[in-house]
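Take a look at this single chain in structure tokens; it is the form predicted alone.
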């Protein structure tokens, strides 16, 4: 039997299109090569312009988690107060980071499937002086999208506070505008909506965030210090740590794809396609874990139908055999469903194949569905794309 091609439908890494793969496969050159320096400079300039950043952009080898630490390291000092707005597992990850850094943390935790509200943030900011507020834009464990624009309006009333947005599962697929939304720091990485393999973290820092970094003087961190990387970002021929050359080329191609599609259309496409996939899954009895008002457009958590008798591990194994790799749930959702990404450069064929694989996996797992029911719902949506 010919092996079934496996579609990467987890919340990241996401599928990597051929033109981006080709950039990763190029012959590696010296980081001081004039052509690479030019390419790296153009990537930085594009990222700064596209996210409307009045400060600096840092592109550094590392993961999204490193981006979280980078954001905190350059905007806080021991003893500072941080308000963490958490909608799930990855929002909570900030707690451990802050504690180890000697920061005082308060946490607004939303029930899984719902989001922290601007009113909650406003109430906490009225009670206490904070140096930083963190918000996870799209929570990977729940599929919840936080209202970062509305929270940004609250933050504008507190200009002394740094507003950090974790955009790991959002940036490039959900609206993020640093200027109008009052965001001071966005952190993200390549393997989610950018559709590149894991390897780079990107951090956008506003002019205000850079002023905060300057006020801190020397910081304990080295590799993730803005000041160490700033000369490189201004002139990539300079050295601090070796850049991931082929990954920068891949990111450049990903940015080119975004620019051709247009960010506004890319955002709209993600919302349209997410709604289609959610409708398709609901048509065969699955429940979207995130409340409708808070559903993120880049990934979803699908809970198994009540009374279906579906065994989580068996279902996901069957689904992988049928060609779609998905992720298990975390926290209170563990064992109750699976997580599916629908972000980046995914096309219609991939979405159709993934939903068809879900239908087959359901039947193989003992949950009888009408073949084509979910697929038909998806197809009706896609025909208008």
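Numbering follows the first chain given and starts at 1. The structure presented is a predicted model; accordingly, all values stated were derived computationally and were not measured.
There is another form of the same protein, the form predicted in complex with a small molecule; it is not shown, and what comes next is about it.
168 is the sole member of 168, 196, 132, 85 with a non-hydrogen atom lying within 4.5 angstroms of the small molecule in the model of the complex. The listed set 350, 63, 332, 41 contains one residue whose heavy atoms approach the small molecule in the model of the complex to within 4.5 Å, identified as 63.
Among residues of the shown chain, residue 93 is one whose heavy atoms approach the small molecule to within 4.5 Å in the model of the complex. The closest heavy atom approach of residue 186 to the small molecule in the model of the complex falls outside 4.5 Å. Although the partner is absent here, residue 136 is a contact residue: one of its heavy atoms lies within 4.5 angstroms of the small molecule in the model of the complex. In the model of the complex, the small molecule lies farther than 4.5 Å from every heavy atom of residue 75.
With the small molecule omitted here, the record of contacts in the model of the complex names 137-145 of 217-225, 137-145, 104-112, 151-159, defined by a heavy atom within 4.5 Å.
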